[in-house]
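Only one chain is given next, in structure tokens, and it is the form predicted alone.
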């Protein structure tokens, strides 16, 4: 047996490479890590609501019912309908709009982060590996974009193009690709002088193959952590822009739009602001906790320290 009850030293990490790990070991460790378990459960629940909004929502998201407007949570309407989280100023079911708002907010965040990662990682890896003029052009463009106030630029662009799902994703792509590019460039600079890259070069591999087959898989861990954090940032950005009236437009549901509509009634109907606000808070918190967990399990030393406190392993034969 390997004694993992104490914090591991580099020697312990080398010895622990002989230990076999299965998915059950990770699941057992997650169940004993209450913070990670909460974050993962909330994100999985959010995904279920996002993908199954059409089946899980009890009412129509845009259906008006002025007879049941401003009902508190747990109320029953005049028609016998039950409203778990109450209704808004137009009699729409708040729980239904919260579910459809999750679809919009999460979709904008994920799609914006995916496109930003594709463009930024591609530009950063090419600049870091090839260097020279290409690196100078990419990095000066990154520096120039990072110097701009992103919120003001987003408001200006959306004022010209108009709000909506597609324009939000386009704005997030323009304003966030350079975050991935800067990280990918630094990782490529370290990787291009490594032994495995030099071996591939000596065998005559083309630069595109070296970047895709040798460099990218070895730098995916920090990029994955950054990707998770960027989803949370974009969800918050979408909520801010929708709150200001430049994001998702009525009658579509969005968490920021729901807060914007309920702020006028915050004294008499607190639930109109509280529930979408809590949804934004717990979503951002869970994604940040998952990013911290992803950083721990992708680093060899941190992974064993995290696992050692929560489970036991057996040496492989």
Partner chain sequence: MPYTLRRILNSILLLLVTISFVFFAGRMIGDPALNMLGPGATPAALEKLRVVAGLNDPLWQQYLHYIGRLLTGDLGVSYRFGFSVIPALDLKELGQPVINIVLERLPATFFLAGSALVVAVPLGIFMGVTAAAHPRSIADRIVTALSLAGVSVVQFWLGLMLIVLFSVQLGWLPTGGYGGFQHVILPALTLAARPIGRIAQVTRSTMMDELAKPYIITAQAKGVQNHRIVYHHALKNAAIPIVTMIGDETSALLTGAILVEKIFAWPGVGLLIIDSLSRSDLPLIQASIAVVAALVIIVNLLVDFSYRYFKPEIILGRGR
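Computed from a prediction, not measured in an experiment: that's the story for all the values here. Numbering follows the first chain given and starts at 1.
FYI, the form predicted together with the partner chain isn't displayed, but the following is about it.
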{"query": "Contacting member of 32, 288, 62, 41, with respect to the partner chain in the model of the complex [4.5 Å, heavy atom]", "finding": "288"}
{"query": "Selected contact from 129, 95, 243, 227, since only one has a non-hydrogen atom within 4.5 angstroms of the partner chain in the model of the complex", "finding": "243"}
{"query": "Partner proximity in the model of the complex: residue 55 to the partner chain, non-hydrogen atom cutoff 4.5 Å", "finding": "no"}
{"query": "The partner chain contact at residue 292 in the model of the complex, heavy atom, 4.5 Å", "finding": "yes"}
{"query": "Proximity of residue 147 to the partner chain in the model of the complex, heavy atoms at 4.5 Å", "finding": "yes"}
{"query": "Distance check, residue 274 to the partner chain in the model of the complex, heavy atom within 4.5 Å", "finding": "yes"}
{"query": "Which of 188-196, 233-241, 105-113, 210-218 sits within 4.5 Å of the partner chain in the model of the complex, heavy atom basis", "finding": "233-241"}
{"query": "Heavy atom within 4.5 Å of the partner chain in the model of the complex - qualifying residues of 145-170", "finding": "147, 148, 149, 151, 152, 155, 156, 157, 159, 160"}
